[in-house]
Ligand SMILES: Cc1ncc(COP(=O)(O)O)c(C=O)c1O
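Single chain ahead, written as structure tokens, the form predicted on its own.
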């Protein structure tokens, strides 16, 4: 263990692990879709670090713009006015779905979702919130309560008034349906949930544009249109959590754009600043914005809309536009889908591949069946990927493929070959 890692271990906690099991990488630099560790090795970043490095590592525009902003030495409270803050709000209104006009800038996705729920409660005067069974909305106490994630169990009881609806998990459909017979029952389950709870008590439904860390479930066509209709029918606000799926991850600015549906509130983070600064935002429509013209907005922390965060937002959106990053994600996603299907067809331990743009998951199973691959096999796969210098996220029996959106086709093919090699070394 290096002196640096020993120093960190002595004085800092690592997230989501028992401290004695922590195995951090000492990252010293990077370029594009790869990062470099202190031993000189270059790794493929198939996880976009923490799903957030949409513009990759060492992007020169991001580095220059943040250095320029830091050089101004501006310290400002959350109610201050300055150019990057005004422009960040303008840019968010331009790229988010039609009708979303006003933003609240914070520091993370979990905080964006917390503020969205607070706004929904204040606007509607209702308290309950519907979330999906396998959702993930953040690791704060309140957002763990909303997340369909077993890690919340340690912190029960959590936020009261949380209701559940089912997920668009087509491979293991709750209703036992095939695509040809699907009538969007998973979306219709929202109305069932509302009627059981009393729709007049429900402030909002919060759904990820594509369920991310808990499975990568692209919803079937018409899913968000059905949710929009049900929310309108009962006066429930529709919150699109685009923290992971936003800013080109699925080949559109936001995953909900695939259906042309506008939510009442959209939350974002991660790709918002491409990982170059901690940032989140809540973007709302006119109805929500008007409420706070004469009602107090009880939201805010000391460093919300921080000058460096606002500079990073402006720089990232400028790069997404000027370098056609969203288009690159869409183009590679159209190539990647068939390429992964080819992999699945030749390897019986790959039960399903699913995704959009550059957000995909392989569901790994016992060869020839549908039983999830064992935890031991998944541990071996993770270790093998690391030996082959591939950094990727995994969860249960899922392996995720989510590289930076600036990756090129030849690089993506090289990544896939490394993944195939690792899979064969473990499962064959």
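Since the structure is predicted, the reported quantities are computational estimates derived from the model, not experimental observations. Numbering follows the first chain given and starts at 1.
Below, we refer to the form predicted together with the named molecule, which is not included among the displayed structures.
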All of 54, 248 and 252 with a heavy atom within 4.5 Å of the named molecule in the predicted bound form: no
The unique member of 117, 305, 110, 186 whose heavy atoms fall within 4.5 Å of the named molecule in the predicted bound form: 110
Contact of residue 238 with the named molecule in the predicted bound form (heavy atom, 4.5 Å): no
Heavy atom of residue 243 within 4.5 Å of the named molecule in the predicted bound form: yes
Residue 270: touches the named molecule in the predicted bound form, heavy atom cutoff 4.5 angstroms: yes
Non-hydrogen atom contact residue 89 with the named molecule in the predicted bound form at 4.5 angstroms: no
Which of 81-89, 165-173, 101-109, 152-160 lines the interface with the named molecule in the predicted bound form (heavy atom within 4.5 Å): 101-109
Contacts with the named molecule in the predicted bound form - residues in 130-145 whose heavy atoms fall within 4.5 Å: 136, 137, 138
